[in-house]
Structures are given as C-alpha cells and as structure tokens.
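Only one chain is given next, in structure tokens, and it is the form predicted on its own.
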Amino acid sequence: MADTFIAKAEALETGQRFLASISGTEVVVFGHKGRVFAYENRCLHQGGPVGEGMILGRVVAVLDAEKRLLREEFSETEDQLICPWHGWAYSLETGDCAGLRGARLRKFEVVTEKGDVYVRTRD
C-alpha cells in the first residue's frame, strides 16, 4: 500500500478541496459534514472536473397518502456531488451516478493519521 499526503485535516474541515496526481490519475479530496471523500476528478459524462461541482442534497419526491406528488425537495441526509459542466449527479457516499444505473465515480480510500490526511492506494 502507498499513502499520498493531501493536506492537514483542518484544511479539509474549512471546505477546501485538494487535487492530487496519484499514479497518473487526478484525484479530488474534500471534506463535507465531518467526513473526507476522495474521487477521481473526472465526470463519467464528458470528463469534466467533477470535483469543482457543488454539493447538494439529492432531490426527493414528497408524496401524499395516495402517492401523488406534493413537491420535490432537497434531501437533508443524502448529498450529491454535481458536475459543473452538465449537471451529472453522483452520490457523495458511494460515487454512484444518479442518472445511469451501475455507473460510479472511482472512489479512493482516505486515512487520517496525526492530523494529516492521505489517500491510500494499493500497489
């Protein structure tokens, strides 16, 4: 295994995003709601810099007792990373693409040791 230093943990807590080249792959690393995520910085649609996108709650339908749509709203528990080029949405937790079943961003393991954040890869 190999660890690539990314940043001090407190930098990620302030919302900063970091890019790293790991074995020729551009990886974006960022913190959100007390957790740290690392994904390949390449949208599956047309290769856009997905890591520059906004983080928004997944859009969920609110239905009445008869299953009629009342409204749509942003989830407060399921966040998505939205590609800035064309709006493709990915689960922040898993990298799963909202609009293309079975497709997902490549996720990287993140470890924090003594206040330093690393991306861990298998050699």
Partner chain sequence: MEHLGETNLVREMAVGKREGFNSREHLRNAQLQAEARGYEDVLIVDVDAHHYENQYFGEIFKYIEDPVLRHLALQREGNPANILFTAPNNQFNAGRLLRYGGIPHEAAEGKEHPETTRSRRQREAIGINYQVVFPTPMLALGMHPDPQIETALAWAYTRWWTEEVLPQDNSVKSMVYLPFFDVDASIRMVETFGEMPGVIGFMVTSTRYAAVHDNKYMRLYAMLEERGMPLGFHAAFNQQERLFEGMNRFISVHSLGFVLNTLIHATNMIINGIPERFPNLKLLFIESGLAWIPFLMQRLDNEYLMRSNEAPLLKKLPSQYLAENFYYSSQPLESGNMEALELTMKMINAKSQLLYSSDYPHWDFDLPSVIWDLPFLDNQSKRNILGLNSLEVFPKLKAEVLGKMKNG
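Numbering follows the first chain given and starts at 1. Computed from a prediction, not measured in an experiment: that's the story for all the values here.
This next part talks about the form predicted in complex with the partner chain, which is not shown.
Novice: My question is simply whether Val36 lines the interface with the partner chain in the predicted complex - judged by any non-hydrogen atom within 4.5 Å.
Specialist: No, Val36 is distant from the partner.
Novice: Any of the heavy atoms of Arg17 lying within 4.5 Å of the partner chain in the predicted complex?
Specialist: Yes, contact at 4.5 Å.
Novice: Please determine whether His32 contacts the partner chain in the predicted complex, using a 4.5 Å cut-off between heavy atoms.
Specialist: Heavy-atom contact with the partner chain at 4.5 Å: absent for His32.
Novice: Taking heavy atoms only, is Val59 within 4.5 angstroms of the partner chain in the predicted complex?
Specialist: Answer yes; at least one heavy atom of Val59 falls within 4.5 Å of the partner chain in the predicted complex.
Novice: Phe5, Glu26 and Pro49 - do all three of these have some heavy atom no more than 4.5 Å from the partner chain in the predicted complex?
Specialist: Checked in the predicted complex: all three residues contact the partner chain.
Novice: Suppose contact means any heavy atom within 4.5 Å; which members of 82 to 115 contact the partner chain in the predicted complex?
Specialist: Going through 82 to 115 in order - heavy atoms within 4.5 Å of the partner chain in the predicted complex - the hits are Ile82, Cys83, Pro84, Trp85, His86, Gly87.
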